[in-house]
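The chain below stands alone, shown as structure tokens; this is the form predicted on its own.
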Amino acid sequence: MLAAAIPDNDRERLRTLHGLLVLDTPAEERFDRIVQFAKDEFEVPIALISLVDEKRQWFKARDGLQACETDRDVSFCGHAIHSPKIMMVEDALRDPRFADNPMVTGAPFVRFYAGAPLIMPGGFAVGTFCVIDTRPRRLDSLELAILETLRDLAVLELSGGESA
């Protein structure tokens, strides 16, 4: 397993994340509806709004996953925040970054991951909007556009209506 590198701008990124005042807050219907829609639209068992802090990824909204957080070291989202583009892992068992990841070899048995970075005003990616499957797959261009739109909705909600 290859843990994600810490971004060069992590101090500023974390300042942006903490400034949202959303970490460890209760579930909110406005976020839950977005992930529920994604789970149904993509026909996946898991959809998340994941926020990556110093040591963990914490789920502001989740559908299909019991855990409310995981260690940053095992997170797919920790890798996804390094680029403004969607990170798609078609088959985690065939990807050297994730093949022996405990989230792949054990529950929830992640095989497919697509994460769109949550880029806040100011340009910092504080986490991802992601969909996860237990089988390998690939998103087509329309599905990628839908994932980006759902990510944009999550960013609007997180930022109080201000887009990046």
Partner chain sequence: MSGADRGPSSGAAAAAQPPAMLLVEPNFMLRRTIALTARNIGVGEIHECSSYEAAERTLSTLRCDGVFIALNEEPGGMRLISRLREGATACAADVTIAVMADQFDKARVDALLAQGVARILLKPIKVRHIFEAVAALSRREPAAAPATAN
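The structure displayed is predicted, hence computed values, not measured ones. Numbering follows the first chain given and starts at 1.
What comes next is about the form predicted in complex with its partner chain, which is not displayed.
Using a 4.5 Å cutoff between non-hydrogen atoms, residue 109 does not count as a contact of its partner chain in the model of the complex. Though the partner is left out of this view, residue 25 does not reach within 4.5 Å of its partner chain in the model of the complex, counting heavy atoms only. Taking non-hydrogen atoms only, residue 153 approaches its partner chain to within 4.5 angstroms in the model of the complex.
In the model of the complex, its partner chain sits beyond 4.5 Å of every heavy atom of residue 95.
Of the candidate stretches 39-47, 66-74, 116-124, 95-103, only 39-47 has residues with heavy atoms within 4.5 Å of its partner chain in the model of the complex.
By the 4.5 Å heavy atom rule, the three marked residues 140, 145 and 149 all count as contacting its partner chain in the model of the complex.
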